[in-house]
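Just the one chain here, laid out as structure tokens, in the form predicted alone.
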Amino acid sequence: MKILENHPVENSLQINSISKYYIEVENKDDFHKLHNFILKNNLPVLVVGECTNIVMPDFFDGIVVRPLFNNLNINKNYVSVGCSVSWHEFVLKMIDRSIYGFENLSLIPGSVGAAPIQNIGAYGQDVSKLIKQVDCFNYEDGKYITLSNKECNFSYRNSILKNNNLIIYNIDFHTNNKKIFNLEYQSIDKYINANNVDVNNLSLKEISNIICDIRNLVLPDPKKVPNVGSFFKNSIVKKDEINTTYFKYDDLVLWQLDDQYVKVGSARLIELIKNDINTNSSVFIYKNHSLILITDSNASQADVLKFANTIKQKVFNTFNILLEVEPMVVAS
């Protein structure tokens, strides 16, 4: 176990963030040492991976824990993967082994350990459909726990793994998934038609490449353009409560869920009002996707949240829809 003091916390928004303690855990034997250190210091704890979905404070007066587990073992019907393995690299390994179900989740930034926490999803697929179980260590009581898929209580961009005392160090994924392609998502269908793709002869690798092409067209690489992906979730609201004074239903992107509720495309809401948003010197709406907030590498957490709140307020005033922030916002 490596303990560093007043150590920088690298993050994809490139906020200049420092943590009082920064601890790297490299094997299971370190967990009990970590447990004792946490009890002794009585400080807030933040578990991180690649920090691609976290809005860090300028100074975190606590303990940042970075688990480093890089195992990848394929068994008969499942694969065990360490939490610090790159998600996209893992997806490519599954594709190389002709394992279905992961291809639509290609190129999502971050580590494997972060995937179940917010139930990452894209292009019609959610990671919760692939997970068998999640192995964790409770840093508060010093005990190991394995959660089944059901016990994770997955929902839209959420799970029981959020905001608790668990450190994910290993995940088991099913490998005997149905051998069918998921090509029904609108942007995939549009790409296939625009490029005259023969859907009858597609391979897993080719689908992954299509997903990567689509993502690269609209989503910036966090290694090149500071961002945390989609900053707001799509909202689920009662359709008749949407304010249509300024824009009609036809101006919006709506998915009907039942007789009353719809899911509203938040990117479209922001697209419609973004010209009325006061500009910020360090934080901006990405030109190719209105859900993405980018920085100039000089923004503080306060800068990012102030700009995000300006957007939220304008959307609420215009549509009577309250946007919910998707990335984790860490208190100082």
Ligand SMILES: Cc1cc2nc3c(=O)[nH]c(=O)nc-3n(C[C@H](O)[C@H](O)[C@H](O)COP(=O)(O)OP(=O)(O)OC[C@H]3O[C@@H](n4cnc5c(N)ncnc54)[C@H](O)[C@@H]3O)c2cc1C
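A quick note: this is a predicted structure, and the numbers were derived from the prediction, not measured. Numbering starts at 1 and follows the sequence shown.
Only in words, not in the display: the form predicted together with the named molecule, which the text now covers.
Per the 4.5 Å heavy atom criterion, the named molecule in the predicted complex is contacted by stretch 160-168, the sole one of 232-240, 160-168, 185-193, 95-103. When the named molecule is considered in the predicted complex, Thr295 lies well away from it, no heavy atom lying within 4.5 Å. The closest non-hydrogen atom of Ser208 lies beyond 4.5 Å of the named molecule in the predicted complex. In the predicted complex, the named molecule stays beyond 4.5 Å of every heavy atom belonging to Thr175.
In the predicted complex, the named molecule lies within 4.5 Å of some heavy atom of Cys51.
Interface residue among Val79, Ile131, Leu204, Ile108, judged by heavy atoms within 4.5 Å of the named molecule in the predicted complex: Ile108.
Note on contacts: among Leu252, Ala122, Val91, Cys152, the single residue with a heavy atom within 4.5 Å of the named molecule in the predicted complex is Ala122. Shown here without the named molecule, the chain has no residue in 253-278 lying with a heavy atom within 4.5 Å of that partner in the predicted complex.
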